[in-house]
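Below you'll find only one chain, the form predicted on its own, shown as C-alpha cells.
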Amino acid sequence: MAYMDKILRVNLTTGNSTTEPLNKEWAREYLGGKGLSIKYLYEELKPGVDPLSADNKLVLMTGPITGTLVPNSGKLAIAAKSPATGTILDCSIGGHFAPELKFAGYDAVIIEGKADKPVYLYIEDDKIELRSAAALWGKGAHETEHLLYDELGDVITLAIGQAGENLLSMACISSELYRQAGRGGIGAVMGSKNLKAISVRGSGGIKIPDIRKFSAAMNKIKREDTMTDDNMWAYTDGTPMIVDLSQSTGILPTRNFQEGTFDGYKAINSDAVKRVLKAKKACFACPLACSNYVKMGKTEVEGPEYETLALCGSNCGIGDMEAVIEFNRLCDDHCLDTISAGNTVAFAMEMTEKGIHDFGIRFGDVEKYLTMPTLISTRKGVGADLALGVKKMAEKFGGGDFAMEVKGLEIPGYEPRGSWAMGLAYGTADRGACHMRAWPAAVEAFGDIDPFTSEGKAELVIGMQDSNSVKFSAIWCDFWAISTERMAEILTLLLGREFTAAELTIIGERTYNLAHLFNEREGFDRKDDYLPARFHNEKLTTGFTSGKSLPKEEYEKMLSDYYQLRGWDENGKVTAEKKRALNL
C-alpha cells in the first residue's frame, strides 16, 4: 500500500528501458527517499567509480508518503556519487515532480549509462521515450522547461542548465523554474550522461487503506501539528527570517566567513524581502507555502532563501537586494548551487584583496559580482578558475586556511564559531559540509543550549542526523518540525502495519551508517572530517560572537565523542558490532 511496487530503469547507452519490482525487503529497512536511493547505489556502484563516467548512476526516488494527502510530502530524492566530493550524494527537490512520478506508476527511476548525443527522457505512464535534446543543449533551465511544456503539454520537468552541461561540481538540477536539487554537483551527473531533462506526466493514483479514515486523520494532524506557530513562520516569513536571527547571534557569514555580523544585513533580511514580495507558493500537499515570489526592478525570482541571502549576500559583502535577487535568478537559470557559488565568489574576493591571486573582484563589487554566474557556468574568463570550486581553487592558487569547505563541499550559512555543534554537523555530514543533515544552530545559537562547549554536542548531532535521515527517507519536507512519534502514527495509517518511533529511529541510524559505509568504501575516514583552519585559528571580532573561535582540541573531542556514540572506531570506521546491530 502507498508504494507503486515498480522501478523504472533507463539505460542511456542502449536506449532501452525496463521495469522491475521494488525491492520490498530494502523498502522495509530504508522506507524510500534518502535511505532507499543510497541502498540501491551502495549495492550497484563499484567502489572507485568516476562520478562523471557512464558507470555512475542517477537515482530518482520517491517515498511511501509521496503523492498522498500527508502534509509536506512533495519532495523527491535524487542521488548519485558526488562529482564535488567523491562521497555518496543525495539531494531533495520540492514541487510536483515526485507525486507526478508516482501517478505515472513508479516509485523510482534509475538512470544508467550515457547517451551518445543530448537527449531528454519523457515518461507518461507506461510510455517511456528518449528524445533528442539537440535543440535544448546550451539553453538555460528556464527556457528548457518552457520549450518542453510547449512541446509536451502539462508535464513536470527536471532540467539542467549550462553548469550541468559543462560538468561543474556545483551544478544543480532545476524544476518548476525555481526548485533545485542543489548540492554536490548532482546536475553534472545529468550532464555527464548527455541527459538534458526528464519530463513526467501521470494519470494514475495511489492506493491507501481506508481512505476516509486516513483523510480525516490527515486533516486533524494538519490542524494540530502542521499549521501551528512552530511551523507557520514558513508562511509568514520563510527562511529570510534567519538573517536577523544569525545577525543577532553573530553567526551570519560575512566576507568569506571573516566575521559573523554584516552591517548591511537590513537590506537583505525578511523585511527587505517582504517589501518586494508578490506572491506565495507551495509544493504538493503543503499547507505552509514557504516560498516567496519576489519582483524588484526588472528581476523576478522565487526566493531568495536564507542560504542565498547569506552566502551570496553578506558573505560576498553585498547589501543590495536587487543584486542578490538577480544573482539568484542567474544561478537558477544556469543551474548553479547558490551556496557553492556564493562561497566561491567570496573566496575569489578575499584572495584578490589579500594579494594571493587577482581574480579581478573584491567584496561589495556589485557590477563584477553579477557577471560571475554566467562566467562560472560557461567556464569563460575568470569563471574557468572559479568553476573549480573552493577546494580545487585553493589547491591551485593557495589560501587553504580560509577555503571554506569540508570534503570539497562549500559551507552553508551558519558560522560554527558561534555554534560549535554546527561545526561537528558540517564535519560529519555524509555529503560534505551540510546543514540539512543536522541543524543544531536552531537549539544552540537560536535556542537555550550553550553554543560554546563541546559537552553533549555529539549526542545532539547524532540525534538530529538520525531523525532527519528517516524523515528524508519517508520523504517529508524539512520545514515540518515533525516528531518521530508523529511519523510513526502516519506511516501506520498509510501502510497498514504498525510502526513505532523506536523502529523509525533505527531506520534513520541504519541509513546514516550505510551512507558512511559508502564513503568508507571510497577511502574516507577521520582525516576527512575536518573544518577549515579559519574556524580554529581566527577569532571573530564583532557582535555576540566577538572573541570566539572553535578550538581545534574541542572539535577533536566532539569528533571522538561522536565516533564513540556512533559505535565507530577512533578513526571513524563502522565497527563489525555496529554493522550486525543494524543489519548492514
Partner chain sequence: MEITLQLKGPLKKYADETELFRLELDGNELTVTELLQRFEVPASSVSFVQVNGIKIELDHPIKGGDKITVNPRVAGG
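Predicted model only: the values in this text are computed from it and were never measured. Numbering follows the first chain given and starts at 1.
Below, we turn to the form predicted together with the partner chain, even though it does not appear here.
Taking the partner from elsewhere, no residue among Glu259, Phe363 and Phe535 has a non-hydrogen atom within 4.5 angstroms of the partner chain in the predicted complex. Contact between Gly447 and the partner chain in the predicted complex is found at the 4.5 Å heavy atom cutoff.
Proximity of Phe347 to the partner chain in the predicted complex: non-hydrogen atoms within 4.5 Å are absent; the residue sits far from the partner.
Heavy atoms of Thr492 never reach within 4.5 Å of the partner chain in the predicted complex, leaving it off the interface. Asp466 falls outside the set of residues with a heavy atom inside 4.5 Å of the partner chain in the predicted complex.
This chain lacks the partner; the member of His142, Arg201, Lys368, His435 within 4.5 angstroms of the partner chain in the predicted complex by a non-hydrogen atom is His435.
Taking a 4.5 Å heavy atom cutoff to the partner chain in the predicted complex, the contact residue among Asp237, Glu326, Asp385, Glu124 is Asp237. Residues placing heavy atoms within 4.5 Å of the partner chain in the predicted complex fall in a single listed stretch, namely 478-486, out of 148-156, 296-304, 185-193, 478-486.
Residues are counted as partner-facing when one of their heavy atoms sits within 4.5 Å of the partner chain in the predicted complex; in 514-548 only Phe544 qualifies.
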